[in-house]
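Shown here is one chain on its own, the form predicted alone, set out as structure tokens.
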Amino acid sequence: MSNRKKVVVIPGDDAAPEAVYPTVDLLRSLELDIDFEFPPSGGSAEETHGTGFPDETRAAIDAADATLYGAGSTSSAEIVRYLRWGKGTYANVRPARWVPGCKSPLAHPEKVDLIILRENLEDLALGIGGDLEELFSLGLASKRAGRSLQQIAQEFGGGKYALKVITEGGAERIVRYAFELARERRAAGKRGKVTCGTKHNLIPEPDGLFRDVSARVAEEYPDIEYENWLIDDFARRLIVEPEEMDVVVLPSLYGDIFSDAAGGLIGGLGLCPSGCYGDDYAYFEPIHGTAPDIAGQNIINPTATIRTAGMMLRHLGYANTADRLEAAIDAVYAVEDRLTPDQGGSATTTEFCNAVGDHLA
């Protein structure tokens, strides 16, 4: 039986493919037992297949050991929905680690090395919402405002709503993932600490549940430090004392927002990788968007994509190779060898990838 792995690659849209293709070339140069498949997707698939997510692409994802995804726009939305809810990838792991050479806005970013763990499937990410009129029959009222929802809508001319949904089971599995991840990091010589952020004083039902589940699970891990902060206080602490953070577990919306903030601390979203893990599948996608403003210029920073690919290699059982790849990226920044414009250099995306290849031990 062959031990070869299969990876589906979805290059994405706008500038994203300009980072994905040279990253895959870099991975191929490592001569691993991995086959890369590029099924039709996105805008080009809409032209040839009438949909951005053809059946053959779904079948390829199902048959693959993992998916490497660039960054997508509307044409790739169905693929992302399938990779998340179709594959149950509930744990979105978003590391933010500063290394010398990265253009952080902080005077002393040396100790910034944290992970934002975003719950990937619940909260406002579910996308349940509509017109306020849909809720009138429920007789909902605000004790704070002292008026019914219908009265509020009539006074201000209607409106929209969105449901913030957090389940006990969904909260427990992401929190438990956080504590297991903190144990792994502690064994590797890192802090080994879990920080939870919620707005339980203003939103006591869903956020209070997330906080309560976190505190309960924390009791099962007495070897791991645990703390909970109101999310606004957490925002302050992330800025003034990021070195105190290790593994941060957050509901989906907060996780999305504050992983971008953490990226800003270390030098920008072009540096930030991401992996989305479920019980039976994982896909890997940098946290930045498609960067349409620089599409076609070959200057998008591929660091996030290469580090994302490194997370994928670790998931596939190539931990040593992932370490080599991380070390090569760190070396490129340490000597400022062929950095892209967002990091103060003048190199192209391709040239940066070549520099990483040159530094591979």
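Values in this document were obtained by computation on a predicted structure and should not be read as measured data. One rule holds for the numbers: they count along the sequence shown, beginning at 1.
Separately, the form predicted in complex with adenosine-5'-triphosphate (ATP) exists; it is not shown, and the next lines address it.
**Student:** Can residue 88 be called a contact residue for adenosine-5'-triphosphate (ATP) in the predicted complex at 4.5 Å between heavy atoms?
**Tutor:** Result no; residue 88 lies far from adenosine-5'-triphosphate (ATP) in the predicted complex.
**Student:** Does residue 274 reach adenosine-5'-triphosphate (ATP) in the predicted complex if we count a contact as any heavy atom within 4.5 Å?
**Tutor:** It does not: once adenosine-5'-triphosphate (ATP) is placed as it appears in the predicted complex, residue 274 has no heavy atom within 4.5 Å of it.
**Student:** Hey, in the predicted complex, is residue 293 touching adenosine-5'-triphosphate (ATP), heavy atoms inside 4.5 Å?
**Tutor:** Judged by the heavy-atom cut-off of 4.5 Å, residue 293 is in contact with adenosine-5'-triphosphate (ATP) in the predicted complex.
**Student:** Even though the partner isn't displayed, in the predicted complex is residue 337 close enough to adenosine-5'-triphosphate (ATP), meaning a heavy atom within 4.5 Å?
**Tutor:** The answer is no: residue 337 has no heavy atom within 4.5 Å of adenosine-5'-triphosphate (ATP).
**Student:** Quick one: of 129, 289, 208, 100, which gets a non-hydrogen atom within 4.5 angstroms of adenosine-5'-triphosphate (ATP) in the predicted complex?
**Tutor:** The residue from 129, 289, 208, 100 that makes the contact is 289.
**Student:** Using heavy atoms only and a 4.5 Å cut-off, determine which of 301, 67, 57, 308 is in contact with adenosine-5'-triphosphate (ATP) in the predicted complex.
**Tutor:** After the contact test, the surviving option is 301.
**Student:** When adenosine-5'-triphosphate (ATP) is placed as it is in the predicted complex, which of 48-56, 32-40, 293-301, 324-332 ends up with heavy atoms within 4.5 Å of it?
**Tutor:** This holds for exactly one stretch, 293-301.
**Student:** Going through 328-346, which residues have a heavy atom within 4.5 Å of adenosine-5'-triphosphate (ATP) in the predicted complex? Please give them in sequence order.
**Tutor:** Counting only heavy atoms within 4.5 Å of adenosine-5'-triphosphate (ATP) in the predicted complex, the single contacting residue of 328-346 is 342.
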